[in-house]
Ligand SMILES: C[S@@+](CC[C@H](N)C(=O)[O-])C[C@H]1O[C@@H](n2cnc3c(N)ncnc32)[C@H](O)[C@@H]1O
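What follows is one chain in structure tokens, specifically the form predicted on its own.
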């Protein structure tokens, strides 16, 4: 078992309190979808069945291209690779192999709200040859402590941080806050975003693009994963099964999941379970510039459904 630190935000008593707070505002905190082994397993089924990376070679190609291009700006020698929201660690393993093959000595740290996923990620990379000292189980939404934790882990090494698969599930303001928490001058953050595959600025084009992508979210596996969270919270009998729709989050197109309360009181609106944002290229890049980051696009699928960027502070120190 690898050495793990547990932030209070991810400990069970704290999670129980946060679940109550979350329900009081009629929405689920995103981490409540991942915290149990059953939920982590159901999320993995969603990923394996519906993530385009498993069905379209273009989605694997952009990661190979991004990892190749992203290494060009890194200094030689030892580097700290951080899987921020590591999930299963599959992409971090691929990135580690590129780093290793280019002559880097890699120290790896995994950060996620799910202990099972942190352990899985660490074990994959250690088996491939990465060095591991400690990893962190925490709530990424409470991100103010992340920079200090990383500095205590290894303050002198250049840092390459991954943030894969999370931008769609977080509001733009939250994404910017997390980036400010972890990025030091000289750090590199590799980020992907799921995109609405538009060809023009026509609103009808955007609406058609969202409809084309909807089956990736409106499917039995996703609904089972969401229902497991309701079961874990003990409210499955108080709400209807999850429903998926198209809407917006902070003016960004998004897929929204909600369950209607069977009794209207205390809420007249459905319980918000989950959202997945679909930026366009200009929407994402303009958001990052407004927040003070430099975004270099490294790769884009030919179907325009996903891209990867290298993110740094815009200010040169």
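All values reported here derive from a predicted model rather than from experimental measurement. Positions refer to the first chain, counted from 1.
Although not depicted, the form predicted in complex with the ligand is the subject of the following passage.
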### Task
Tell me, out of 222, 188, 114, 135, which residue has a non-hydrogen atom within 4.5 angstroms of the ligand in the model of the complex.
114
### Query
Among 79, 228, 166, 182, which has at least one heavy atom within 4.5 Å of the ligand in the model of the complex?
166
### Task
Classify residue 141 as contacting or not contacting the ligand in the model of the complex by the rule of any non-hydrogen atom within 4.5 angstroms, answering yes or no.
yes
### Query
If you check in the model of the complex, is residue 59 within 4.5 Å of the ligand, heavy atoms only?
no
### Query
Should residue 275 be classed as touching the ligand in the model of the complex when contacts are defined as heavy atoms within 4.5 Å?
no
### Query
Does residue 85 make contact with the ligand in the model of the complex, using a 4.5 Å heavy atom cut-off?
yes
### Contact test, all of 31, 34 and 47, partner the ligand in the model of the complex, heavy atom 4.5 Å
yes
### Task
Using a 4.5 Å heavy atom cut-off, indicate which stretch of 127-135, 211-219, 197-205, 114-122 touches the ligand in the model of the complex.
114-122
